[in-house]
Each structure stands twice: as C-alpha cells, then as structure tokens.
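So this first bit is one chain, no partners, the form predicted on its own, shown in structure tokens.
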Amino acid sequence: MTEPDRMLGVLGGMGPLASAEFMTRLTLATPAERDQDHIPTVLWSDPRVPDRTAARNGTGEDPLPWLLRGIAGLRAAGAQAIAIPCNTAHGWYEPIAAAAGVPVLHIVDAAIAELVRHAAPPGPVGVMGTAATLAMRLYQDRLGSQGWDCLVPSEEEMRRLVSPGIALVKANRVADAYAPLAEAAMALAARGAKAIVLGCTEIPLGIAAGPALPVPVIDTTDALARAAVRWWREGTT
C-alpha cells in the first residue's frame, strides 16, 4: 500500500485539548513541503467517553462501549490504523485492538521507542500519569520487560500534585498546571529518575507552560505522533 492510500484514524476527546494538540504534533512531525505531503487523518473527538480513572476505580461507567463506537466510526471513515492520544484508554487496548481489525498504535510502545531514540541514560525512569494508568501498570510492566525500572509518584504526590495538575489542563487552566506537575517531576528526579515519561497526554501541555525541566522528558504525545508517521511512511507499528 502506498503512502497516499493510508488514512490514519485518531480516537480522541480524552481530553479534547490533548487530542487537538496531538493533531498539531502529528502535523509538525510529518516531513512535508506542501498540503499533499501530510497524512490523511480522521479525528473522532468525543468528550462524552466516561472517565477512565473512575471506571478503573469502580466508581464510573465503563468507557469501552464508547471507545468501540469511536473505533467503528473511524473504520467506517476509512481509517487503516488508529492512534489513541489518551494513555489511560490503553487499559482497554486488547478489546479495542480486537474490534478494530487494523493496527492500533500503542502509546507505551511509542514511548519506549522514544526512550531508545533519546538514548535514555541507564537507571530508573520516572513515570507520571493518571492514577488509573499507574494502577493498571501500563508503563511499569511494559518498560520493566525492556529493562527499565520505574519510579512513580507517591499517593500523596498524586493527590496533591499530579491529579490536580491533570484536572487543571482539562479545565483549560494550562498555565496553572505547570507548578504542581513540575514539582512532581522534580520529586521523581530527586529520587533517582534519569528521565521522566509524561504518561498522560494532559501532562505535556502543563509542563510546556513553564520553564523546561532540568531532566530529560519523554512526551508521549510526540511519541505517538512519531509512531503514526512511521506507520504512514513504512507501514510498521
């Protein structure tokens, strides 16, 4: 299949700003000199998808039917691969991939590729994400299988810094999110993390709102965008 025949589907809306930012990052990551050089893309941005963390905690509606509705819509629109710019939604990756019938790019695998590309120094890697992403061990298990030990925020840091920071981005208070998210990242660095994986697509938006951190960061929005470009150009995931 040649490049012009490939269309990417983006299952978004979780949250809407993160999905819009993914589209920007995808565009910037694509080697192009004109409109026609870019990736044909369909974005399904449905913010009605029930909260993934609440579902994981048993206090909210199952998001899977909504996720599968989006997958069906993307497939009907002609998508031949699907990217999901929401880390926590990957807790439902297996049924999504089974229903899709086309490649579904895995955001954690994309982050691993970025760690390799950046030649992350040996030692522990810090992982920031939603409480559900960390509880489901989406990063700890996959990175552990590749030889990286993971450091994650404490329960107190999640309660006081990370979860409020993510919520601020979702509320469009991006600048206010920087301080708590940066403090959480630096706490991981102080505990020995040699790089920080921003394992929630709201977190890079908050971190970008202030001074650059003095520790390497892996932006999973960028990572997923690069994985999408690789798929489009090479047909590989």
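From 1 onward, residues are counted along the sequence shown. All figures in this text were calculated on a predicted structure; none of them were measured in a lab.
Omitted from view is the form predicted in complex with a further copy of the same chain, to which the following refers.
Residue heavy atoms within 4.5 Å of a further copy of the same chain in the predicted complex occur in exactly one stretch of 38-46, 207-215, 192-200, 179-187, and that stretch is 38-46. Within 4.5 Å of any heavy atom of a further copy of the same chain in the predicted complex lies no heavy atom of Asp219. Although the partner is absent here, Asn57 sits far enough away that none of its heavy atoms falls within 4.5 Å of a further copy of the same chain in the predicted complex. At the 4.5 Å threshold, heavy atoms of Glu33 reach a further copy of the same chain in the predicted complex. In the predicted complex, at least one heavy atom of Asp5 sits within 4.5 Å of a further copy of the same chain.
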